[in-house]
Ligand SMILES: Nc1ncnc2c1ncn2[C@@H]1O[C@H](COP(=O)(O)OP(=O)(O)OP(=O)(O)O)[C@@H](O)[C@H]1O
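In structure tokens, one chain follows: the form predicted alone.
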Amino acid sequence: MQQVNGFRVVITGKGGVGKTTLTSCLARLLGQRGVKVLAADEDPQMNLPYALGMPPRQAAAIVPLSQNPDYIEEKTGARPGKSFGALFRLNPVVDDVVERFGVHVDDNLDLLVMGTVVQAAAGCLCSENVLLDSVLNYLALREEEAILLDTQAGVEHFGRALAKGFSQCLVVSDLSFNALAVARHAAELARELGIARIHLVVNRYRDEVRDKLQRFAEATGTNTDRLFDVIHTLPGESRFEDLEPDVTRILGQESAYVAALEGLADDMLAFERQRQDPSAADLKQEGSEG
């Protein structure tokens, strides 16, 4: 049992870099360690239920909060698509959201599928976004629980300040220039929001990871030491293709990916113990190299 009170982690990065796989495996791993976990899915593709191993029919039947007009109207006073221009509550009380719409996945692991407003611009003041913002603010107040937020691709959710109240940010990237550029932007916004510990998680890394990061830093003038508190590397795992959609089954196998994931989990928990108990020894900055 990990003696850590509740904490909040947002997982972000460019689309296709492995955020959902990482979120699902990390949620399962923390649950196996005795940490109570709530995995929140804000990605419009809503693949997290499948990745966590829920039966496909059950996963497909989940209605995300952003597409639940009854709940949105109940909480905000405005029904999506029916109340254009109407006044609505900007700070709805949503403290019943997990009890009503959370899905129990396994011991120590629950799921909340939030969805997103994919057609809306950043900062859209509509009833759906107001509801999602309120849900995130509420999740940030829940105690004795680790919240893992799997976000949509890019950094739009930071623009709406959905990550306020989160103590850690996992910025997931591969070694492509575009993915690293999105990672840099996400880290900058996470810093502005005051997130205390920002991890760069290089997924599917190759031996030249340090050289590639150095070349990116030089080409863009990026100070990676300032942006990221720690860099983790996760090796490629070919078995994911065979395990899909329940990629978390990799946790029961001998795998370099799992070993690196354990190191990431160790770092996250060590930071939370230090944050909650400032008298603890200083946290090392090296991170986990695959």
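All residue numbers are counted from 1 along the displayed sequence. Just so it is clear, the structure is predicted and the values come from calculations on it, not from any experiment.
Missing here is the form predicted in complex with this ligand; even so, the following discussion is about that form.
What stretch, of 129-137, 203-211, 182-190, 69-77, brings heavy atoms to within 4.5 Å of this ligand in the model of the complex?
-> Every other range fails; the passing one is 203-211.
Taking Asp43, Pro235 and Glu244 as the candidate spot, are all three within 4.5 angstroms of this ligand in the model of the complex by heavy atoms?
-> Spot residues vs this ligand: full contact, yes.
Name the single residue among Ala217, Leu175, Ile198, Ala153 that comes within 4.5 Å of this ligand in the model of the complex, judging by heavy atoms.
-> Of the candidates Ala217, Leu175, Ile198, Ala153, Ala153 is the one lying within 4.5 Å of this ligand in the model of the complex.
Taking 4.5 angstroms as the cut-off for heavy atoms, does Phe240 touch this ligand in the model of the complex?
-> Flag for Phe240 set to yes.
This ligand contact in the model of the complex: Val9, any heavy atom under 4.5 Å = Contact check for Val9: no, nothing within 4.5 Å of this ligand in the model of the complex.
Give a yes/no on whether Phe228 approaches this ligand to within 4.5 Å in the model of the complex, heavy atoms considered.
-> The answer is no: Phe228 has no heavy atom within 4.5 Å of this ligand.
Would Val17 sit within 4.5 Å of this ligand in the model of the complex, counting heavy atoms only?
-> Taking the distances in the model of the complex, the answer for Val17 is yes, it comes within 4.5 Å of this ligand.
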